[in-house]
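Here you get one chain, nothing else, as structure tokens; it is the form predicted alone.
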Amino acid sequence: MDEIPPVLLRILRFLLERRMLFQLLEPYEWWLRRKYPNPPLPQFSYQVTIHTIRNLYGRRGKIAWASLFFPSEFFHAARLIPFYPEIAIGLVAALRFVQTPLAAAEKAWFSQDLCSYHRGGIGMSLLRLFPRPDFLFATSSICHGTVGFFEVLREIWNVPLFLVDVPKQWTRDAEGYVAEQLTAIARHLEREWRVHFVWDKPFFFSNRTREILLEVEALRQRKDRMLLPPTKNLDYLPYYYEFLGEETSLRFAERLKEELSKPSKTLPHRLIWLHLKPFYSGELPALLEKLGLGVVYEEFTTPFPEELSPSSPLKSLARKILWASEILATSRGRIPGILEALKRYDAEGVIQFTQWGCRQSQGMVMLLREKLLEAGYPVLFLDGDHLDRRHSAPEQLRTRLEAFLEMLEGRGSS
């Protein structure tokens, strides 16, 4: 879909602001539950999407926008509705609507050099197409642009912003530093906004979901199991982030485990996937499957290695924030984790789709390549954009994947 005319944008904005329209989705949700009492994963995801849209645009509670690595358990404990704009803009891209908000951001002088997740989120905010936030929450971990992105969102929406400064290394002092910031935020919300935190239930759902996702990981390590099409698990990111800490994520994990509980079609080559992928097209997964390049692990769907403790909730969440920062944003944490995953999943090599404008994914490329090749693993870095199809080059993508396949097959025959 190309950019849509201003008159259609005004109509769309008018409809999105009508809470009653979204409250009318409740009978449809009831009908879906009756028709599919035990829905398979695709139907389950559809029902979750409808329910989430009703909650957000029907304003069924206070809405907390958050950056990707701000733990969702915090919001579920406070009975806030979490919304992760960096995830939501991926859905907008999948619906082939993303060029409109990207153009709106660029018209407001946000450069194409800025990460398209942030440009898209800014554009959707300028157009007032995302649900209005009551609060903004962000960490400085992983992405250096996140803090600036959320400061722009604060200016657009004129709502409170809570920032957590995250050290790069997980130490006892760093843990205390992050926990103190979370404690200050929680106390402010309790004092100024009458928010009440109840940790037991969200932590139960998060811990139980983690247990099942670890079982899913064990199933994916088997040679007769594979999620297809390749990179499919990255379409389920909301369950690993936004819904973690509520029953929705637990039910997803149960269905994913059920899907992998029986032998399935597999592809000849087992690879691990770094960073994210283009969400605007199914061409890449289809091409990977055609070439026999399967994906058995994605670094962005790695479960937190510890259980969360309801007796020290903010300390637990601080540890989770620091863990994500270290294993994804530092060579000290990321490279050993990738090498360990290659062995654990018996994978042959690595593909990373390097996002245009993303310093986190670009900045470690040379060192990562050196260490992987030194360990004997082929690595392919694909350049492009996860959202903006103007930066896509399908024929170049095909050529590079075919060359990578030849490399893998050459290793197998030597």
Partner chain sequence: MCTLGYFCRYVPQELLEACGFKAVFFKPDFSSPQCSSLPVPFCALCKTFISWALNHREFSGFVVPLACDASRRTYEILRALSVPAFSLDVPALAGETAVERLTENLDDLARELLAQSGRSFLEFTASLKQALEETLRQQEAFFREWGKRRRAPDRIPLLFSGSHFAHVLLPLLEEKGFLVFPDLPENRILLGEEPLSLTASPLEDLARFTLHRLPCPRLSGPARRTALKRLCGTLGLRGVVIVFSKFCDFQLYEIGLLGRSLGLPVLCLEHDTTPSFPQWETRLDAFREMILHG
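Because the structure is predicted, anything quoted here is derived from the model rather than measured. Positions refer to the first chain, counted from 1.
The discussion below concerns the form predicted in complex with its partner chain, not included here.
Decide if the three candidate residues E151, I156 and L367 all line its partner chain in the predicted complex, where lining means a heavy atom within 4.5 Å.
Heavy-atom distance to its partner chain in the predicted complex: all three under 4.5 Å.
Y177 near its partner chain in the predicted complex, any heavy atom under 4.5 Å?
Heavy-atom contact with its partner chain at 4.5 Å: present for Y177.
Residue-level contact is defined here as any heavy atom of the residue lying within 4.5 Å of its partner chain in the predicted complex; does R344 satisfy this criterion?
No.
Since only the chain is shown here, I'm wondering whether R255 would be in contact with its partner chain in the predicted complex (any heavy atom pair within 4.5 Å).
The answer is no: R255 has no heavy atom within 4.5 Å of its partner chain.
Do K315 and its partner chain come within 4.5 Å of each other in the predicted complex, heavy atoms counted?
It does not: once its partner chain is placed as it appears in the predicted complex, K315 has no heavy atom within 4.5 Å of it.
Though its partner chain is not shown, can you say which of F300, F110, W323, W193 has a heavy atom within 4.5 Å of it in the predicted complex?
Exactly one residue meets the criterion: F110.
Which one, G292, G337, P310, P167, lies within 4.5 Å of its partner chain in the predicted complex by heavy atoms?
Of the candidates G292, G337, P310, P167, P167 is the one lying within 4.5 Å of its partner chain in the predicted complex.
Taking 4.5 angstroms as the heavy atom distance cut-off, pick the stretch from 67 to 75, 228 to 236, 117 to 125, 257 to 265 that is near its partner chain in the predicted complex.
Answer to the contact question: 117 to 125.
What are the residues of 128 to 145, in order along the chain, with a heavy atom within 4.5 Å of its partner chain in the predicted complex?
Contacts from 128 to 145: S140, S141, I142, C143, H144, G145.
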